[in-house]
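Only one chain is included here, represented as structure tokens and corresponding to the form predicted on its own.
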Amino acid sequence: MNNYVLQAEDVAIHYGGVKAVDGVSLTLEKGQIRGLIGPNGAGKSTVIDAITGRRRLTRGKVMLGTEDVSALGVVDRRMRGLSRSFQRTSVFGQMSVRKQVELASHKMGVSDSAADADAVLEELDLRPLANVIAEDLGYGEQRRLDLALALVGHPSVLLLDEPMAGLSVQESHDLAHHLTALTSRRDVSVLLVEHDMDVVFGISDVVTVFELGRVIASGAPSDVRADPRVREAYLGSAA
């Protein structure tokens, strides 16, 4: 019996003759961080959209645990434990940090949304900022709040689309630390799309490389970094 919390099998997203994603298969094990890298336009964000239900599959299927969720929409997948964040923050600027995290938890149907919100804020070092209006936060703090909103309701799988974008080196380091802690403390598995190679190769258990909508390499970070195809297609070029 496998230990997969997420499986994407032969996933394809075609727009007419354009194959944005073409036959991608990947898995995520319990407690694992899988990094997804590749040049701009390689299909990484489209795969995330396919897994979360924002894009209709041309073919293939998505399994969350033992359930086939391919026909379910975004909300139903979220309620079953499949959560994500976006390249741009989705916080509510005029609302306090704690209020919006608690509101998100309530919308997830959590019986004690106050306790859930407190736990998430504590996890991401946001408790001291609980009463601060979101628009008054620094950008790095807003990214942590964005992550907090994705963590309410105890999701089993967290898909992150470039969470380090726009962060300073120190902020990226701090957020990477939080991500590695989350996998054990909150029992969540992470699929990470990121251009910061230091972060990806530093915290990922497995790295998968995309090019032109297909997987060209996947494995341990050290093996992927040494793969000549990867070096030619991506690591030696601008991200």
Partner chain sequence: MSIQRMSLNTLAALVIGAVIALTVSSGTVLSLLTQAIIYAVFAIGVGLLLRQNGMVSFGHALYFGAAGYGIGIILQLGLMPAELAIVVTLAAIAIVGLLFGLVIVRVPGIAFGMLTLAIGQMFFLTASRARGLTGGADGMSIDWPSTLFGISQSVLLRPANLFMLCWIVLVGIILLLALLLRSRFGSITEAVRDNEERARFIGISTLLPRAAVYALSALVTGVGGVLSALNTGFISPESLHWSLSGMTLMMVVVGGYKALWGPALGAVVYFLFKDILGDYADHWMAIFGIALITVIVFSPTGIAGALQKLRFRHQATPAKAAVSSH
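Since the structure is predicted, the reported quantities are computational estimates derived from the model, not experimental observations. Positions refer to the first chain, counted from 1. Definition used throughout: the rigid core is the maximal C-alpha set that superposes within 1.5 Å between two forms.
Another form, the form predicted together with the partner chain, is not on view; read the next lines as being about it.
Among R186, H173, R59, R54, the residue placing a heavy atom within 4.5 Å of the partner chain in the predicted bound form is R54.
Contact with the partner chain in the predicted bound form, judged by any heavy atom within 4.5 Å, is made by just one of V169, A71, V132, V75: V75. Residue contact check for G138: none of its heavy atoms lie within 4.5 Å of the partner chain in the predicted bound form.
For the chain shown alone, L124 is not a contact residue for the partner chain in the predicted bound form, no non-hydrogen atom being within 4.5 angstroms. A residue is said to contact a partner when one of its heavy atoms sits within 4.5 Å of a partner heavy atom; A117 fails this definition for the partner chain in the predicted bound form, lying far away. Though the partner is left out of this view, S156 does not reach within 4.5 Å of the partner chain in the predicted bound form, counting heavy atoms only. Using a 4.5 Å cut-off on any heavy atom, the residues of 103 to 121 that reach the partner chain in the predicted bound form are, in sequence order, L103, A104, H106, K107, M108, S113. The Cα position of Q142 differs by 2 Å or more between the shown form and the other one after fitting on the rigid core.
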